[in-house]
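Here you get one chain, nothing else, as structure tokens; it is the form predicted alone.
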């Protein structure tokens, strides 16, 4: 199996893989079904380079399903994929450019997991970041993927990652307060 750089034509399949990722996190909110249309549109635009203020834009790497009967030249079914982009933060000690990579939507279809496809995609993304001089890459990992990321050098953050949600915002299932967490105000 080989990994290749995704094109805008892969946006719908990358969105399908993103839904697989959400399933690994514990499912998606059934009332949020229209996210897939918006996600596919945004991925297609961003993979085409339409990201204001980010000269290198969004990149995705994918592994095609070799058993997909799609016609040559048409986007086919994907077995694995991941999306990345470079964020610009303020420069500081250890990062004079402020460039920081982010990886999202790493997913492999259930029947193709544990075959090294996620590692191929991850290494392609990390090579992309290294080529662009990025020395720090962040991601959020599902439990099932954390071993892969740790084996490639990812570590726990030095400071805790905190998030703010607007009062009344609907949280995805994996962000709901659970036992031992503070209840949300508002």
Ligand SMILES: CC(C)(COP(=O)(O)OP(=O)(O)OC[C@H]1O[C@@H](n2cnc3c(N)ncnc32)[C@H](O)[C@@H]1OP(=O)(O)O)[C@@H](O)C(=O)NCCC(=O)NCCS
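Note that the coordinates shown come from a computational prediction; the quantities given were computed from them, not determined experimentally. Residue numbers count along the first chain shown, from 1.
This protein has a second form, the form predicted together with the named molecule, left out of what is shown; the following refers to that one.
Shown here without its partner, the chain carries 21, 117 and 145, all of which come within 4.5 Å of the named molecule in the predicted complex through at least one heavy atom. In the predicted complex, at least one heavy atom of residue 112 sits within 4.5 Å of the named molecule.
For the chain shown alone, residue 44 is not a contact residue for the named molecule in the predicted complex, no non-hydrogen atom being within 4.5 angstroms. Contact annotation for residue 78: none of its heavy atoms lies within 4.5 Å of the named molecule in the predicted complex. Though the partner is left out of this view, residue 149 does reach within 4.5 Å of the named molecule in the predicted complex, counting heavy atoms only.
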